[in-house]
Each structure stands twice: as C-alpha cells, then as structure tokens.
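So this first bit is one chain, no partners, the form predicted on its own, shown in structure tokens.
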C-alpha cells in the first residue's frame, strides 16, 4: 500500500556481469570509474551500492579480490552508502571462488542467488558488428550453454562462511517462483533467520518474465510464504527497469536501478551514468509521495552490522 513519506531503499547496481564495454561508453570497468560512478550514485540518492569487479585492462568480468580492492576503500572513504558485493560474478566459476572477495572484505551485505538456473545473454551477441575487446562476442554467444549453479549445498556454504562467520546480511536474489520456495525451505531448516531481504529479479533469459503480473505473483507468493517477516525490492532487467521499479515502490517495496540491469535512461536513449538512473527513480518516487531512504535508514531497516565492522 502506498504511504505518503514512506522511505524506499534505492539500490544501484553499478556494472554487473552481463553488459560489455562495446554496448555503452558509460559502463564502468576501470577501478577509478567504478568508484567515481558508485560515489556519484550514492550522492544522487542510492543507499545501497551493489558492486561487481571488472578486469581494468579489458573490461572482462572479474572475481579477483584485488580488483575489488581497487575501488572499495575509495568508495567507503567518500560515502556512507551500504556496500553490497556480488557473489554471482562469473557464471563459469564455482561458488567458493565467487565468494572469495566477500570473505576477504566482510561487507555489510552480499547477494545470494536462491537457485540454479539457465542464465543466458546470447541474443546480445548478434546485435553488434564489431567489438571493443576480443572476449566480448564469445562470452555472450556461449552463454546459451551456461548453468548458473546455486545448489542447496552451495547456498548452505555461503550462509555458513559469510552469514555465520562474517555476519553478512543477504540480498536473496529470486529469479523465479521456485526460488522463493527454496528460501522458505532454507528458513524452515534454520539456515536463515527472518526477517529476510528479497530481490525479485525479473527479465533475465532463464528466469521469470519482466511483467507486472509476474511482479504481483512474486509478491503474493512471498506474502504467503513469509508473512510480514521480509522486506523486498525489484530488479527489472532492460526496458522494464523504471516501470517495474515504480510499480514495486507503490506496492510497498524497494527498488534497484543501475547499468548492470539496463544501459538506458529511456527508450532508445543510453544512460550517461548510474547516477542519472538513480536521479530519475528518485524523482519518480517523490512524485508518488515516497522518499529515498538514507544509508543509515537502510541499515536500520535491514538490520545490518554497520560499516565499522567491515574489513576494508
């Protein structure tokens, strides 16, 4: 239910693992550019920064902890935003390899994908005739063979090594209805303690479609499974980004934007930066009588351990 003045957490996903440098000059891959855009997104109103790393030489997806350390301290020094590290990263690496950066730096939050799935970007490979870097085409074209592995054993390992040992709070990424039931099973068996924070992920090829009806279905299912023991946000991939974010906010949820999820600011117009997307969704929230939560408010809402308890 829409409530005037209700605080909405804006997450900004700065670079991700789907888009490649050829697709947009605005997509950051050098450490200094990731830091600059993340800081600007926080200044524009993002309370949470969801961060992946890239190889600074060729823009390829990286899970090297040293690449994360190229920008994490600078972002922490310049902003109070919550740092949320990806544990998805590369689709071709093991979960143990994917969580190595988070184990090193012990952030306040990480993503945690709640099920294995097909995860493909291969249609993008045919949209460009030339590429800035040699790896880009094959990375995309071969993704029709990828399985994004997140078994129950994998999830349990992440819960143990990051949740129990590092007191990390999870953004439970759910790409389909079955992932909500996976999370319910994990809660029922004591792996996670409510309240939980769920990111509904709509529009990835291999997951649930980016339709308003699916968003409502995901929320209705989560209400049934978790009652009032959860908070939620929505990620709409591609052209659905702003529409689904606005719908989520008016339904009582939180929102995620950023160049990881969409390279555009409006139909056919590439975004100039992550901050431009944050500014737009913040304006749309204000037009609906909603306010962007501050990092301090987000920490309180999500029960985070605080930036003083990180290791970077």
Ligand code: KMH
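Predicted, not measured: the structure shown is a model, and the values here were computed from it. Residue numbers count along the first chain shown, from 1.
What comes next is about the form predicted in complex with this ligand, which does not appear here.
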Answer range among 159 to 167, 225 to 233, 83 to 91, 179 to 187 for contact with this ligand, defined in the predicted bound form as heavy atoms within 4.5 Å
83 to 91
Decide yes or no: are 54, 75 and 312 jointly within 4.5 Å of this ligand in the predicted bound form, with each residue judged by its heavy atoms?
no
In the predicted bound form, residue 71 touching this ligand (heavy atom, 4.5 Å)
no
Interface membership of residue 197, this ligand in the predicted bound form, 4.5 Å heavy atom rule
no
Closest heavy atom of residue 99 to this ligand in the predicted bound form, within 4.5 Å or not?
no
Would residue 136 count as touching this ligand in the predicted bound form under a 4.5 Å heavy atom rule?
no
In the predicted bound form, the residue from 201, 109, 155, 140 with a non-hydrogen atom within 4.5 Å of this ligand is 201
Find the only residue in 18, 14, 302, 292 having a heavy atom within 4.5 Å of this ligand in the predicted bound form.
18
Contacts from 233 to 261 to this ligand in the predicted bound form (any heavy atom within 4.5 Å), listed N to C, are 235, 256, 260, 261
